[in-house]
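Here we start with a single chain on its own, the form predicted on its own, put down as structure tokens.
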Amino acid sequence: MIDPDQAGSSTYDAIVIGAGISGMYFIYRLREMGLTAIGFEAGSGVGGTWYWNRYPGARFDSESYSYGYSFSEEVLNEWEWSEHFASQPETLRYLNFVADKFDLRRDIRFNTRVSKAYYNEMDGLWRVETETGDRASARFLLTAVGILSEPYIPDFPGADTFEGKKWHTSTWPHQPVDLGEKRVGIIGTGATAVQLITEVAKNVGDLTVFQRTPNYCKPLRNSPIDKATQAEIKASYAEIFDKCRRSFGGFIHDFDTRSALGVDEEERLEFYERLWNERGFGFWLGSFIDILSDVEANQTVTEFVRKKIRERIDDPDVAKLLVPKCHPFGTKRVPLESGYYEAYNRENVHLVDLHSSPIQCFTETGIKTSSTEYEFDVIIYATGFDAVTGALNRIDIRGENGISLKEKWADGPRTMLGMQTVGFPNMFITAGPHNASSFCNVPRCLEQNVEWITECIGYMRDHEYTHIEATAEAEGEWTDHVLEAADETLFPEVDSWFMGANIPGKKRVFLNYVGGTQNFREKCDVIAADNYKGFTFR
């Protein structure tokens, strides 16, 4: 690979964009291989999602012990999670613990956002420029920018005229925020908002929630981990991670092989009730095999959840607004909650339906809808993200012949395994479109991505190759497979970030891979064993 002494101090074997879960693991793996790497991170510390998202209530909805890294026995033995679903501060402490353990920060430049990356065909190197003027070159460009890391804020008329404080949930202030006597408006009721609203409602002067689309939320059922359970977890890590590898979504939950329509109503309701009372995502990704592919099967679980929501809300009119009617259960990301619906039973919490009373504009003092004007001290955007492709499109990435990645994907992404795209040699993507990690217990799939990519780089070194690129044929076949797998489900029928439908002007196309993480891993392994069939080397 590249000798930094000959190529200059700003030239490396690999440039890594991002210092979250995959970016940190890239640095570790490349260093273990004896390769030189530099990471660029926009934040002032490691952690990615868990560095940026500091809003009240932010926490895992994957079981903590299924979420952390699996590659280090030392880390598994030394770290102890305090809760079944860890909060953001604990998760950030964990990622800093890993960074300390392996001295990862020395190869990462913080407060450095990448603005441009372009491939130089003359020498086969990627050139990267940052907003702060840093420049670097490398044989490989490795993107680790995250799935939900590009905030989306709708273009509300007059937003700049509001004289109070406002921010997106992903840019929550790092210093303490006291909302105890404040009039607060929250726009959005997605997964982030569900966590945020639950916590803010406990200590706020007055809270108004602006809802566009209600969600089916399932109880998280979190609790502390006692000593006996801690010991059991540590003794079971091999089994836990093996279960995640073999499951559809990389979780400790997996689908029941029966059809929802293949059992009688009494047995079906008992099954739903049992899953409802368990922790985590089992009710969504551990239910009957056909609830996400068969309309009639889905209707059984949808009605079950609607009934559960109504039972927890005092005001029938509020309940009508909070019960989803426009999409089937599970076709959007299912938020896990710890008292969300009860928040609306408080006298100082109000719900505004944006379908019947849309926002017209912001004012100096608040928000004006078609029916009412509201005054606020603070407005919080819980309006989601330009998912999967947004963070990549923010960077001006140009491949062979100056082709722009954003332009290439304007009509929908085209990839090979979600990890490469034709025209961009030596560029690898983690958590990108068409990749299992974009519909997964994220770290489980990110580890697989990083390991597959770095093993591919090792294969290139062993065979003295300096150039890798997916073939157009393989890219076409994989893209078709991804979309065909999605068409076998109910997901494409619903507007969601899975489809890019939350972003005005974005092509409506399925962005994730729903063929199952276990199948994705197997396909990747088969390709690697066949000398990386579908890729060309030179």
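On a predicted model such as this, the values are computed, not experimentally measured, just so you know. From 1 onward, residues are counted along the sequence shown.
What follows is about the form predicted in complex with a small molecule, which we do not show.
S.K.: Even though the partner isn't displayed, in the model of the complex is Leu141 close enough to the small molecule, meaning a heavy atom within 4.5 Å?
M.R.: Heavy-atom contact with the small molecule at 4.5 Å: absent for Leu141.
S.K.: Taking 4.5 angstroms as the cut-off for heavy atoms, does Thr383 touch the small molecule in the model of the complex?
M.R.: Thr383: contacts the small molecule in the model of the complex.
S.K.: Is Trp276 close to the small molecule in the model of the complex, meaning a heavy atom pair under 4.5 Å apart or at it?
M.R.: Output for Trp276 is no: heavy atoms all beyond 4.5 Å of the small molecule.
S.K.: Is there a heavy atom of Trp497 no more than 4.5 Å from a heavy atom of the small molecule in the model of the complex?
M.R.: Yes - in the model of the complex, heavy atoms of Trp497 and the small molecule come within 4.5 Å of each other.
S.K.: Checking a candidate spot here: are Thr479, Phe491 and Val509 all in contact with the small molecule in the model of the complex (at least one heavy atom each within 4.5 Å)?
M.R.: No, the whole trio is out of contact, none within 4.5 Å by any heavy atom.
S.K.: Counting any non-hydrogen atom inside 4.5 Å, which residue from Arg127, Lys166, His84, Lys332 sits next to the small molecule in the model of the complex?
M.R.: None of the others qualify; the residue that does is Lys332.
S.K.: Identify, from the list Thr389, Gln420, Thr189, Thr91, the residue with a heavy atom within 4.5 Å of the small molecule in the model of the complex.
M.R.: Looking at Thr389, Gln420, Thr189, Thr91 one by one, just Thr189 meets the 4.5 Å heavy-atom criterion.
S.K.: For the interface check, one of 246-254, 426-434, 189-197, 67-75 should have non-hydrogen atoms within 4.5 Å of the small molecule in the model of the complex; which one?
M.R.: It is 189-197 that comes within 4.5 Å of the partner.
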